[in-house]
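What follows is one chain in structure tokens, specifically the form predicted alone.
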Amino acid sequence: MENWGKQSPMSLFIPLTRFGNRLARPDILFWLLPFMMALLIVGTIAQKTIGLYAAQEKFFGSWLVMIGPVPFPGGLTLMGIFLINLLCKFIFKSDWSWAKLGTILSHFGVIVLVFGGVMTAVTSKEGFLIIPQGESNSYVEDYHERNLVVREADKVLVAVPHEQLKDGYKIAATNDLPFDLTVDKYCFNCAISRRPENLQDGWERPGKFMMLNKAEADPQDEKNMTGVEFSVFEKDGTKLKRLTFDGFPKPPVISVDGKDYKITIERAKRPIPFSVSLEEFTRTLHPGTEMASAFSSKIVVEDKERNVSFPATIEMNEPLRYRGLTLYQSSFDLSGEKPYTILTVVENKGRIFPYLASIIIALGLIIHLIIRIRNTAKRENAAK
């Protein structure tokens, strides 16, 4: 302890410098690239069977991937190591002089760009707002996350993320939930067929004639129809067979002691810090066709927290950005009595970094060019 107190700051800095120099060595990138290429190949192939979003989450948006029984570093781990390697090379291997200012700025811009990519992978969220004309909404439905939900009236009793669901998954009865529920069949993407007569015992309509079958995941995750066939065991031992799936218009209701319990597959919802009201939806068609050439939504944003309210128009390729969220006009529904607009809502805390990195890199290249021109002019003058 006495010797520790007598050590100079320089003696403490030397091990840090050695460690940083080791992390800055190019052999780290040399060994990292094969892992990156392997992960890219496996993740790309997996998209065919598990879908684009699931493959991105499993291989590129995770820290660790299990390929069979073998643990493999995920995309976030590999990009994190790459970022540390770049950062250490920048700090410990750069030629810190005014003559290299342009090069230093350009390298720093690349680091900012990689850091922004990691930030986007870790923090980005995407969902959609469905708003009928004349109404408002402040809850975003997730494109990808789905839950098995049991509710009594408006009270949610159970919400199980679909990633946890599997054949045989059990939900035990509680003080609020008066029955046990067992998932007999789970499919991330379900195909519906007619139930054979020999399998209809114990089922009521519509499950008596409707059967869920496991199908390949669609590459566009929002098109996957997640569903479950399940059994409910009441206190008296009665077994009820039911099914439900994402978007099912008549989800099953279990009645116990005068209370109704609705069981649904729902897309996960999360609130946004303001509400969006649809005043008017407009669609323009290509002449002589029913194909939309353009569509837009006139909305009103009401932010009670900040006491702000303002009108806006969201059109194709003209989004609205407010409070860290970007709202895009993505689709619509004109099949009902009133038009519905569908707005994609994206939250991306790393959105600013590509712009910032581009500015830094461009500034570095300009400074590097100016220094080169000035040095060339000096050499020419000296030669004269």
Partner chain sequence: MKQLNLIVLALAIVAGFLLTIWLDDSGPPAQQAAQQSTQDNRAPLPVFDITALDGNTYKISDFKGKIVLLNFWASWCAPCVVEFPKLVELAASRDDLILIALSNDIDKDKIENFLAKQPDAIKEKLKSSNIIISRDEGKKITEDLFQTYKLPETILIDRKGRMAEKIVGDTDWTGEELKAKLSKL
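Positions refer to the first chain, counted from 1. We call the rigid core whatever largest set of C-alpha positions still superposes within 1.5 Å between the two forms. Keep in mind that what you see is a predicted model, and the values were worked out from it rather than measured.
Although not depicted, the form predicted together with its partner chain is the subject of the following passage.
Kindly confirm or deny that Phe92, Trp96 and Val308 each have some heavy atom within 4.5 angstroms of its partner chain in the predicted bound form. All of them do, each having a heavy atom within 4.5 Å of the partner.
- Using a 4.5 Å heavy atom cut-off, which stretch among 224-232, 148-156, 105-113, 184-192 contacts its partner chain in the predicted bound form? Answer to the contact question: 105-113.
Non-hydrogen atom contact Thr77 with its partner chain in the predicted bound form at 4.5 angstroms:
No, no contact at 4.5 Å.
Does the 4.5 Å heavy atom contact test between Leu320 and its partner chain in the predicted bound form come out positive? Taking the distances in the predicted bound form, the answer for Leu320 is yes, it comes within 4.5 Å of its partner chain.
> Is Tyr340 close to its partner chain in the predicted bound form, meaning a heavy atom pair under 4.5 Å apart or at it?
Replying inline: Answer no; every heavy atom of Tyr340 is more than 4.5 Å from its partner chain in the predicted bound form.
>> Is Thr313 part of the interface with its partner chain in the predicted bound form - any heavy atom within 4.5 Å?
In response: Because a heavy atom of Thr313 falls inside 4.5 Å of its partner chain in the predicted bound form, the answer is yes.
Of these, Ala268, Ile84, Ile130, Met119, which has a heavy atom no more than 4.5 Å from its partner chain in the predicted bound form?
Here the answer is residue option Met119.
| Any residue of 349-365 that, in the predicted bound form, places a heavy atom within 4.5 Å of its partner chain | The stretch touches the partner through Lys349, Arg351, Ile352, Phe353, Leu356.
- Query: Would the C-alpha of Pro252 be classed as shifted by 2 Å or more between the shown form and the other one after rigid-core alignment?
  - Reply: Shift at Pro252: below 2 Å after core fit.
With both forms fit on the core, has Ile171 moved 2 Å or more by CA between the shown form and the other one? No, shifts by less than 2 Å.
Could you tell me whether the Cα atom of Glu302 shifts by at least 2 Å between the shown form and the other one after core superposition? Yes, the C-alpha position differs by at least 2 Å between the shown form and the other one.
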